[in-house]
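Shown here is one chain on its own, the form predicted on its own, set out as structure tokens.
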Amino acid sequence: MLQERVPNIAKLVEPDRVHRLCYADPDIFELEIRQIFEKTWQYCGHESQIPKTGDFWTFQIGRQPTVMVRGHDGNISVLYNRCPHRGVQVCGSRNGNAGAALTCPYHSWRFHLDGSIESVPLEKGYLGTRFDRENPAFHMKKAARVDSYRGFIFANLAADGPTLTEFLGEARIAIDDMCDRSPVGKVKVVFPCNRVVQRSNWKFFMENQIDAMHPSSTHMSTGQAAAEVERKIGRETGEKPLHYHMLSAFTTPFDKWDLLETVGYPYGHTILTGYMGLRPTDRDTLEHEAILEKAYGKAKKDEFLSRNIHHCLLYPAVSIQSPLQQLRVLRPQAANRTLSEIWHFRLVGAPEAIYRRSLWYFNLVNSPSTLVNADDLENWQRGQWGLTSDGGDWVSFHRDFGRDQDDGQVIRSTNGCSEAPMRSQFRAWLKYMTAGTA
């Protein structure tokens, strides 16, 4: 039994440090899949990914192959991508259009777009057998729960537990922040997404996204090169292009990063405040703000644009940079292998220039080819190598330990470089991993 092979989980997590096995042990990873990824709300995609009847998108939830499909009634279903006949995956492509029904390529069993059975070839051959059209075992199995928040679709393979709204809690402000930058309150996905395989544990990514200490060292070379060009252009033209500032901001010194704040919520969600100075006062920005003011009124516009979010993590697998319409979702594959999908969104009704600005960031910072992403991937792989060695048993999360504002549910730190977010994530991790084992 897997549970018997896993070390005592409670002994691996202490308030200010965790054992390296949390990242390196394959049995612990398999338990994470069962206890976390297959029992919590997981991001499936955005409704604009499948706009037409029959459109589908395949992905993994934990170890489970799943498919998100739009039905004839416009509703979106999330199904296990498995034919109940012989187990063949019904949808073989990453995405596409199934037409009027989902058809298994092996023996042509057909299913309505909600997964219920439509037709079976030579159905008379099943007379007198256990086959029964009314039996759910002969339909494509549905995810236990499916829900959406402002067009973002989530599924939960477990029937019990918090609702999506309860699960997201205060962290849903990041989705609001993205959508409210549209004058009609909507975003639309931009194709294609970037897909990257990191050769490291999924937790490296989740910790890194709200680690304000690493940019000034990890990304210094990229930031300095961009800053030099930015200054040169400024001297020659009197203007500093924003897309250079997106990279030169990585030269921000440690003490300025430390002025930011972090908030760790129940269920492991985390917010790092700060906007990296990317709300300029150029003509394009002012035009966008005028459109928002016309749509919402000045008070609401000011409220929306005064939100102070740099990164938000929806634990265990989503990272949102709402001011720049970027979302990343993880699909863990092994203890040392993680697939990430990097999505970019357009603000419906916003000026084209605002879309172009976010596209710069998508390509300069969040694409597989950027130096920024490459810096992180190398660090995470080195970390994975280090944590499989005998160089030490513990991972340190000591910075600013004891100075958190902790009410037992929410952990706040007024030091942006605090390791409070990591401590908060592992507090949630321990609860997930030990749930139901008492």
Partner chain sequence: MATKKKIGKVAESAKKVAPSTFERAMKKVGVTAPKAKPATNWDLHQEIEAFLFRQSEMLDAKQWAAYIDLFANDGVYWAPSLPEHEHWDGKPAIFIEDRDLMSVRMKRVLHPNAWSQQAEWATNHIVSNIAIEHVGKDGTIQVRSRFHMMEMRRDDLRHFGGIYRHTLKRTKDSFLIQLQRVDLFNAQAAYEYVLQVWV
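Numbering follows the first chain given and starts at 1. A quick note: this is a predicted structure, and the numbers were derived from the prediction, not measured.
There is also a form predicted together with its partner chain; it is not shown, and the following applies to it.
**Q** If we take heavy atoms and a 4.5 Å cut-off, which stretch out of 298-306, 143-151, 355-363, 319-327 is in contact with its partner chain in the predicted complex?
**A** Only one stretch passes the 4.5 Å heavy-atom test: 355-363.
**Q** Would its partner chain in the predicted complex be within 4.5 angstroms of a non-hydrogen atom of every residue among T270, I271 and V410?
**A** The answer is no: none of the three residues contacts the partner (heavy atom, 4.5 Å cut-off).
**Q** Which pick from A98, V120, M213, V196 sits with a heavy atom within 4.5 Å of its partner chain in the predicted complex?
**A** That would be V196.
**Q** Which of E228, E170, E287, D132 has a heavy atom within 4.5 Å of its partner chain in the predicted complex?
**A** After the contact test, the surviving option is E228.
**Q** Test of understanding: in the predicted complex, would D393 fall inside 4.5 Å of its partner chain by heavy atoms?
**A** No, D393 sits far enough from its partner chain in the predicted complex that none of its heavy atoms falls within 4.5 Å.
**Q** Would you please decide whether I233 lies within 4.5 angstroms of its partner chain in the predicted complex, comparing each non-hydrogen atom pair?
**A** Close contact exists here: in the predicted complex, I233 approaches its partner chain to within 4.5 Å, heavy atoms only.
**Q** Do Q64 and its partner chain come within 4.5 Å of each other in the predicted complex, heavy atoms counted?
**A** No, Q64 is distant from the partner.
**Q** I'd like to know if I33 sits close to its partner chain in the predicted complex, meaning any non-hydrogen atom pair within 4.5 angstroms.
**A** Outside the cut-off, so no.
**Q** Can you name the residues of 358-379 that have a heavy atom within 4.5 Å of its partner chain in the predicted complex?
**A** Stretch hits, in order: L359, W360, F362, N363, L364, S367, P368, S369, T370, L371, A374, D375, L377, E378, N379.
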